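One chain is shown next in structure tokens, namely the form predicted alone.
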Amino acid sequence: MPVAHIRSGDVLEVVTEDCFGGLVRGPADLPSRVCRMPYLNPVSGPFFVEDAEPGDTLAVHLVSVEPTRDWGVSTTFPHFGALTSTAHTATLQPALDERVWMYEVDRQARLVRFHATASDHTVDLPLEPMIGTIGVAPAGFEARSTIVPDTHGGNLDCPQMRAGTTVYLPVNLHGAMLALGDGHARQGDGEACGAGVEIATTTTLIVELIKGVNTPWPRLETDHTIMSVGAARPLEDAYRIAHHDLVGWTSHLTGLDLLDAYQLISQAGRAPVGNVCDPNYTIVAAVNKTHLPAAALPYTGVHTRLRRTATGLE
């Protein structure tokens, strides 16, 4: 059931919990002991968007993503992550140790401090808050775990999902049912160990409903970049999905011949990896707007309008 009904143009301030529900608060709080499996990765919502129908697109502009505590947490898990055996990649090596790392989050200095657990090494990293999980209800009345990314969004774990970004999501169900959570103070490409610097957040966003326009896969737009997200296993299929969408979107926006768009994206595009540990992997295909010929504004300028509104809120 939705927690609230919202309308196109509404501004929301959403409080999100970290992926452990705030239960991992120190090195002794191993997730296997303090968390109730598999109830991880909680999201806030869902929010019912009035007038949203299948075939529409929901634009969500992230105005701000701010940590609500002065600490974050990361972990390794015995059978989760890119460099360990899993149920689907079964090997005879011993499982990794389960371990917790606590990070200091300095919101004023905009820094996150890493502390090694087996030595005295520390290093300050930039605070780059992001939302790891954002999505709408899947199509076909399907129920999906919040850790699964797919066409509906979900646990995309893309560091580009930060303040100033507009995400476009396909509406699959009456009301869309928007939900978000899984904030990270920062995350490296791929989220290799299976966890970012997990934080609770206060996230401010603006929603706009785009009627009668379908979006096949999640798309992102900033002032300077357009991006398409692909989610699948194996990783090369996620790469193909993201680039297939970006090439087609570029051709549609600019009028470039499809193969000319393919060639341009091949030489000017970027492909940061979202995650390589969830049930589906994610890749972002990105290109700078300055590399494109004079183009139609994506979604008739929704990002520009929402950016303007966001500036008025600051």
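Predicted model, so just to flag it, every value in this text is computed and none were measured. A residue's number is simply how far along the shown sequence it sits, counting from 1.
The same protein also exists as the form predicted in complex with a further copy of the same chain; that form is not shown, yet it is the one meant from here on.
Taken together, the three residues P126, W217 and Y239 all lie with some non-hydrogen atom within 4.5 angstroms of a further copy of the same chain in the predicted bound form.
With the partner left out here, a further copy of the same chain still marks one of 143-151, 160-168, 173-181, 202-210 in the predicted bound form; by a 4.5 Å heavy atom cut-off that stretch is 143-151.
For the chain shown alone, H121 is a contact residue for a further copy of the same chain in the predicted bound form, at least one non-hydrogen atom being within 4.5 angstroms. Among heavy atoms of H291, some come within 4.5 Å of a further copy of the same chain in the predicted bound form. When contacts are judged by a 4.5 Å heavy atom cut-off, L58 does not count as touching a further copy of the same chain in the predicted bound form. A residue is said to contact a partner when one of its heavy atoms sits within 4.5 Å of a partner heavy atom; D223 fails this definition for a further copy of the same chain in the predicted bound form, lying far away. Within 4.5 angstroms of a further copy of the same chain in the predicted bound form, the stretch 190-204 places a non-hydrogen atom from each of G190, E191, A192, C193, A195, G196, V197, taken in sequence order.
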